[in-house]
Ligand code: TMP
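Before any questions on binding or motion, here is one chain by itself as structure tokens, the form predicted on its own.
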């Protein structure tokens, strides 16, 4: 494929991005330059650009086969890719399957320990600020993403991790952790962008534990070029498991989507409430029995609080992982919430307003949680 690249749009630490005659297509050129510790350490790794271009292309093709949307169009040359022109979401997503690197140092734990649940971290893409970590609420409050976009990012991230762990395992590699970036394409869809390579993953040999990634450069371990070439050779080798990984993933996703559609239909469109303003739930489920009474009396209040669907739920994912390990593979989308109950005296209208205010202002976090209230006249 022949594509004429035009002006240089951006040059980063590891890549250059060029415009083309088609405004919806860009060319990415991979460089041999290497940096670490926010570019405080600099160097060059011979052949790195070609390795990363080839590895990222194969991995993106594999993910696309499983239904993950990506920006990749084609590999143009040994170090050039043709990609969709996307607006990069200014969040780096770090996925940690096992403790290593800054995570192990930050929390004083040994490297290599399995993390259950898997840890997903958000970092603001800003070199001047040192790519600071963000929690879900901060990412939304700062206007970096909407709650719906954050939910999509998390779902795509989980999907990529579920696919890459067996993909690398089939090649004798343990996927310790990795970084993802996403973009918004001209149609407004969020797609996987940037690269997945030894630059952005920690990959350890399953048998020996040898590091076959950028840590060899970061930590002056030697054998950097050899490690990158080894990863390239393994990734580009097709395995019998690849097609099976894709088939199983597609089948699981279809089963999950069917279940979601069934739940939404059975409950009269329950999914409509997932993205409503968190204050909207308070008082919505006050019972007819309570509404039929006037005058001061005692009511029983039930306040249900759930993390919004756009907010990560590590406890829910941990429960789901345990349930699935126990053989319940058809369980999906576990969310963990809390229920608060109390008695309250007063006239119905005043009680409704008071409980709604308590629910939204005190008993829940309106940025992160949805809240629902039920009132019933107390017995007797």
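Numbering follows the first chain given and starts at 1. Just so you know, these numbers come straight off a predicted model, no measurement behind them.
This next part talks about the form predicted together with the named molecule, which is not shown.
Chemist: Want to guess which of 143 to 151, 174 to 182, 231 to 239, 82 to 90 is within 4.5 Å of the named molecule in the model of the complex, heavy atoms only?
Modeler: Going by heavy atoms within 4.5 Å, the stretch is 174 to 182.
Chemist: Would you please decide whether residue 117 lies within 4.5 angstroms of the named molecule in the model of the complex, comparing each non-hydrogen atom pair?
Modeler: No, residue 117 stays farther than 4.5 Å from the named molecule in the model of the complex.
Chemist: Is residue 101 a contact residue for the named molecule in the model of the complex, using a 4.5 Å heavy atom cut-off?
Modeler: Contact check for residue 101: yes, within 4.5 Å of the named molecule in the model of the complex.
Chemist: Taking heavy atoms only, is residue 301 within 4.5 angstroms of the named molecule in the model of the complex?
Modeler: Outside the cut-off, so no.
Chemist: Look up in the model of the complex whether residue 157 has a non-hydrogen atom within 4.5 angstroms of the named molecule, and give yes or no.
Modeler: Contact check for residue 157: no, nothing within 4.5 Å of the named molecule in the model of the complex.
Chemist: Considering 297, 165, 96, 253, which brings a non-hydrogen atom within 4.5 Å of the named molecule in the model of the complex?
Modeler: Checked against the cut-off, the match is 96.
Chemist: Going by the named molecule in the model of the complex, which residues of 177 to 213 come within 4.5 Å of it through any heavy atom?
Modeler: The stretch 177 to 213, when checked against the named molecule in the model of the complex, contributes 177, 178, 179, 199, 200, 201, 202 at the 4.5 Å heavy-atom cut-off.
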